[in-house]
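Presented as C-alpha coordinates, the chain that follows is alone, the form predicted on its own.
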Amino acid sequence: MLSAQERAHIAQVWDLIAGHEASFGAELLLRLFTVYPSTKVYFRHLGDQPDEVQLLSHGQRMLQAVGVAVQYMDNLHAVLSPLADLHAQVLRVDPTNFPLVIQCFQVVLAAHLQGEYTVEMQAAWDKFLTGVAVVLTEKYR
(Lines give C-alpha, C1' and ligand atoms only; values in the text may rest on other atoms or scores of the structure.)
Protein backbone atom coordinates (compact mmCIF):
# COMPACT_ATOMS: atom_id res chain seq x y z
CA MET A 1 0.00 0.00 0.00
CA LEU A 2 1.39 3.33 -1.03
CA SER A 3 1.14 6.33 1.26
CA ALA A 4 -0.16 9.66 0.03
CA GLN A 5 3.40 11.01 -0.03
CA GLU A 6 4.65 8.01 -2.04
CA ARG A 7 1.82 8.48 -4.54
CA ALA A 8 2.78 12.13 -4.86
CA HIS A 9 6.42 11.19 -5.51
CA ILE A 10 5.41 8.68 -8.17
CA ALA A 11 3.17 11.21 -9.90
CA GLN A 12 5.84 13.90 -9.70
CA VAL A 13 8.48 11.69 -11.34
CA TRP A 14 6.04 10.53 -14.00
CA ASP A 15 5.25 14.15 -14.83
CA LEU A 16 8.98 14.72 -15.39
CA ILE A 17 9.39 11.83 -17.79
CA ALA A 18 6.00 11.91 -19.55
CA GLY A 19 6.56 12.50 -23.23
CA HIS A 20 9.97 10.83 -23.10
CA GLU A 21 8.74 7.24 -22.80
CA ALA A 22 10.43 6.11 -26.02
CA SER A 23 13.89 7.43 -25.19
CA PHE A 24 13.78 6.36 -21.53
CA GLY A 25 12.44 2.95 -22.52
CA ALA A 26 15.09 2.46 -25.20
CA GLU A 27 17.80 3.34 -22.70
CA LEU A 28 16.27 0.95 -20.18
CA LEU A 29 16.37 -1.88 -22.73
CA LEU A 30 19.90 -1.10 -23.85
CA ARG A 31 21.07 -1.05 -20.23
CA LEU A 32 19.18 -4.30 -19.53
CA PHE A 33 20.77 -6.07 -22.50
CA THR A 34 24.24 -4.77 -21.62
CA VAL A 35 24.20 -5.55 -17.91
CA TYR A 36 22.07 -8.71 -18.14
CA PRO A 37 22.67 -10.19 -21.63
CA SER A 38 20.64 -13.29 -20.76
CA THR A 39 17.49 -11.15 -20.90
CA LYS A 40 17.84 -10.80 -24.68
CA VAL A 41 16.25 -14.23 -25.01
CA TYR A 42 12.86 -12.63 -24.25
CA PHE A 43 13.31 -10.03 -26.98
CA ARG A 44 14.19 -12.24 -29.95
CA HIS A 45 11.87 -10.19 -32.14
CA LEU A 46 14.42 -7.35 -31.77
CA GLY A 47 17.27 -9.47 -33.17
CA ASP A 48 20.83 -9.84 -31.91
CA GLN A 49 21.67 -6.18 -32.43
CA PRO A 50 18.44 -4.17 -32.13
CA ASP A 51 18.52 -0.88 -33.94
CA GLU A 52 17.45 2.44 -32.49
CA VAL A 53 13.98 2.31 -34.04
CA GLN A 54 13.27 -1.10 -32.51
CA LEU A 55 14.54 -0.03 -29.09
CA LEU A 56 12.53 3.19 -29.18
CA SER A 57 9.37 1.35 -30.25
CA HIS A 58 9.53 -1.42 -27.68
CA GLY A 59 10.82 0.90 -24.97
CA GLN A 60 7.88 3.20 -25.58
CA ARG A 61 5.41 0.30 -25.25
CA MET A 62 7.02 -0.74 -21.97
CA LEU A 63 6.92 2.71 -20.44
CA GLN A 64 3.43 3.41 -21.73
CA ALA A 65 2.38 0.38 -19.68
CA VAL A 66 4.15 1.92 -16.68
CA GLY A 67 2.25 5.14 -17.36
CA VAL A 68 -1.05 3.25 -17.29
CA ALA A 69 0.02 1.66 -14.01
CA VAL A 70 0.80 5.12 -12.60
CA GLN A 71 -2.58 6.41 -13.75
CA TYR A 72 -4.41 3.47 -12.18
CA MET A 73 -2.13 2.66 -9.25
CA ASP A 74 -5.18 1.91 -7.09
CA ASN A 75 -6.31 -0.82 -9.47
CA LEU A 76 -3.11 -2.47 -10.70
CA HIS A 77 -4.60 -5.95 -10.78
CA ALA A 78 -7.31 -4.98 -13.25
CA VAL A 79 -5.21 -2.81 -15.55
CA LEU A 80 -2.20 -5.13 -15.64
CA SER A 81 -4.06 -8.43 -15.90
CA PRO A 82 -3.74 -8.63 -19.71
CA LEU A 83 0.02 -7.94 -19.44
CA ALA A 84 0.34 -10.55 -16.71
CA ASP A 85 -1.37 -13.11 -18.95
CA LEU A 86 0.89 -12.19 -21.86
CA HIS A 87 4.13 -12.44 -19.89
CA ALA A 88 3.19 -15.64 -18.04
CA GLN A 89 1.26 -17.64 -20.61
CA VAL A 90 2.44 -16.44 -24.01
CA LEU A 91 5.94 -15.00 -23.62
CA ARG A 92 6.82 -17.20 -20.62
CA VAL A 93 9.15 -14.61 -19.17
CA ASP A 94 11.03 -15.88 -16.15
CA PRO A 95 9.68 -13.73 -13.29
CA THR A 96 13.19 -13.31 -11.89
CA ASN A 97 13.76 -10.83 -14.72
CA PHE A 98 11.28 -8.24 -13.48
CA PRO A 99 13.59 -7.02 -10.67
CA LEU A 100 16.33 -6.61 -13.29
CA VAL A 101 14.07 -4.37 -15.36
CA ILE A 102 13.16 -2.39 -12.22
CA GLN A 103 16.83 -1.92 -11.37
CA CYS A 104 17.69 -0.71 -14.86
CA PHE A 105 14.72 1.67 -14.92
CA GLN A 106 15.77 3.13 -11.56
CA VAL A 107 19.27 3.77 -12.95
CA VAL A 108 17.81 5.48 -16.04
CA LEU A 109 15.61 7.68 -13.85
CA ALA A 110 18.52 8.62 -11.60
CA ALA A 111 20.81 9.35 -14.55
CA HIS A 112 18.33 11.65 -16.24
CA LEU A 113 16.64 13.32 -13.32
CA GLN A 114 19.76 13.56 -11.15
CA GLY A 115 19.12 15.92 -8.23
CA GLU A 116 15.40 16.02 -8.94
CA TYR A 117 15.21 12.28 -8.20
CA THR A 118 15.43 12.25 -4.43
CA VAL A 119 16.00 9.28 -2.16
CA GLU A 120 12.34 9.46 -1.17
CA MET A 121 11.26 9.37 -4.81
CA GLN A 122 13.52 6.42 -5.50
CA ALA A 123 12.07 4.55 -2.52
CA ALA A 124 8.51 5.29 -3.67
CA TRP A 125 9.26 4.14 -7.20
CA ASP A 126 10.96 1.01 -5.95
CA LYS A 127 7.90 0.15 -3.87
CA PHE A 128 5.54 0.95 -6.74
CA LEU A 129 7.49 -0.99 -9.38
CA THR A 130 7.83 -3.94 -7.04
CA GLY A 131 4.05 -3.88 -6.73
CA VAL A 132 3.76 -3.85 -10.52
CA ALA A 133 6.13 -6.83 -10.73
CA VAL A 134 4.09 -8.72 -8.13
CA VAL A 135 0.94 -8.22 -10.19
CA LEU A 136 2.74 -9.29 -13.37
CA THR A 137 3.90 -12.51 -11.72
CA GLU A 138 0.55 -13.49 -10.20
CA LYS A 139 -0.44 -15.45 -13.30
CA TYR A 140 2.56 -17.74 -12.87
CA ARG A 141 1.03 -19.46 -9.86
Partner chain sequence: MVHFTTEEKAAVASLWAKVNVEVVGGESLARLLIVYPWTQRFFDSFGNLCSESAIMGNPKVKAHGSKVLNSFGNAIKHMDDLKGTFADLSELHCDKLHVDPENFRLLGNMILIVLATHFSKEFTPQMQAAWQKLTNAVANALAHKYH
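Positions refer to the first chain, counted from 1. Here the structure is a predicted model, which is why all the values come from computation and not from measurement.
What comes next is about the form predicted together with its partner chain, which does not appear here.
For the three marked residues, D85, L91 and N97, no heavy atom of any sits within 4.5 Å of its partner chain in the predicted bound form. Using a 4.5 angstroms threshold between heavy atoms, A65 stays clear of its partner chain in the predicted bound form. Contact annotation: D126 falls within 4.5 Å of its partner chain in the predicted bound form, judged by heavy atom distances. Residue contact check for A69: none of its heavy atoms lie within 4.5 Å of its partner chain in the predicted bound form. At a distance threshold of 4.5 angstroms between non-hydrogen atoms, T39 is out of contact with its partner chain in the predicted bound form.
Along 100 to 123, residues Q103, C104, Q106, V107, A110, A111, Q114, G115, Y117, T118, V119, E120, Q122, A123 each place a heavy atom within 4.5 Å of its partner chain in the predicted bound form.
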